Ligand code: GLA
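First, one chain by itself: the form predicted alone, in structure tokens.
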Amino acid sequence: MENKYLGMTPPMGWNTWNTFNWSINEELIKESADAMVSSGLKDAGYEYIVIDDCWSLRQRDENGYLGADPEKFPHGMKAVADYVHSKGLKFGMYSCDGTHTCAGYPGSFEHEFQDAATFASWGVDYLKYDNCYKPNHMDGEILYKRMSLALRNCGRDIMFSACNWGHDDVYHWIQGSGAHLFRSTGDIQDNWESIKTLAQSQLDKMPFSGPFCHNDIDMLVVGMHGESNDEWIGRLGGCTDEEYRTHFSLWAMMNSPLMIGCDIRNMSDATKETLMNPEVIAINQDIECRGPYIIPHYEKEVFTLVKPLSNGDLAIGMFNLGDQRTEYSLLFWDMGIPAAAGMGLEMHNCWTHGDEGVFTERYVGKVESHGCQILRAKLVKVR
């Protein structure tokens, strides 16, 4: 690999699946690449345009090669990749470790090295690798290691996104596989209960995530508001902007990749404000990628995540996943700051972009139902 820093921090980009599913084509990809630049997403750090399932022909050719569906992509994938690259962005695609993809298109099982070479020849920079139709008696760990090896020897730097949904005890072998990120959950839906369930399922898995191998809690649904071609993803009518902000904050604090799933050609101002918050993105992209630790609350669905940052600051996320507004008292002792040390925390609010002041011993915050506070705290001497 030429880029020794590939995957050091969680990738940021956009994926077709959550909104468009099977309804993808060349025009959509080009328009989305244009929108990523014109909207400011590229300047905010988003760089990958990723095509998910349903891009290929239903059968390989006589030599076993994958081919793009000519009705959806009449100029072929190399031309699409070239267009994405011309915008200063990177291009991603999708395959599967099984005989077929989740939508029934050819998978890469026993074609791993051939497909990796094909993707490299098209100019692919990112591969999402799913887990459908894997033969029952085949070891998933071996299949992800196999594709990782193929990608690392294909002649091109390709980010490897392993998507096995947390199966096969993935936490204990994924780092050694060479994958840059690993899906640890089932598919997200555009509703609050899905966001809440996925986040809670990974609170005890943060030690398994780090630089070059990030725990992927699935793609963002921020800004979808129930708009999806797939009823299962979009049912229940989406979320409020407050819930989307909490969703984004959880994913950022937990070092999950930030892969947008809404239609970036048509984003509201609130969606743009959430997705492009530079202070929250900076927490997610901190170079050390430290997993946060949790400080529990007597209310089960209220908790604080604390993430040490590379410059000595602390990122503090106070979350209320419950249905009632709550007051939260955060004791500094629980973060290693005893009162006798003569130290306090200078608090900056990453959503209001205002300074909260200097506090000693504790910080008290009011957190709305389904809401959060994200603070960046600097250690200061108070006496």
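Note that the coordinates shown come from a computational prediction; the quantities given were computed from them, not determined experimentally. Numbering starts at 1 and follows the sequence shown.
We do not show the form predicted together with the ligand, though everything after this point is about it.
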property: Interface stretch in the predicted bound form with the ligand - options 195 to 203, 273 to 281, 123 to 131, 138 to 146, non-hydrogen atom within 4.5 Å; result: 123 to 131
property: Heavy atom within 4.5 Å of the ligand in the predicted bound form - the one residue of F91, F182, Y94, F248 that qualifies; result: Y94
property: Listed residue (A103, I294, L309, A117) with a non-hydrogen atom within 4.5 angstroms of the ligand in the predicted bound form; result: A103
property: Partner proximity in the predicted bound form: W14 to the ligand, non-hydrogen atom cutoff 4.5 Å; result: no
property: Heavy atom of D187 within 4.5 Å of the ligand in the predicted bound form; result: yes
property: 4.5 Å heavy atom contact, I174 to the ligand in the predicted bound form; result: no
property: In the predicted bound form, E47 touching the ligand (heavy atom, 4.5 Å); result: no
property: Members of 67 to 91 lying within 4.5 angstroms of the ligand, judged by heavy atom, in the predicted bound form; result: none
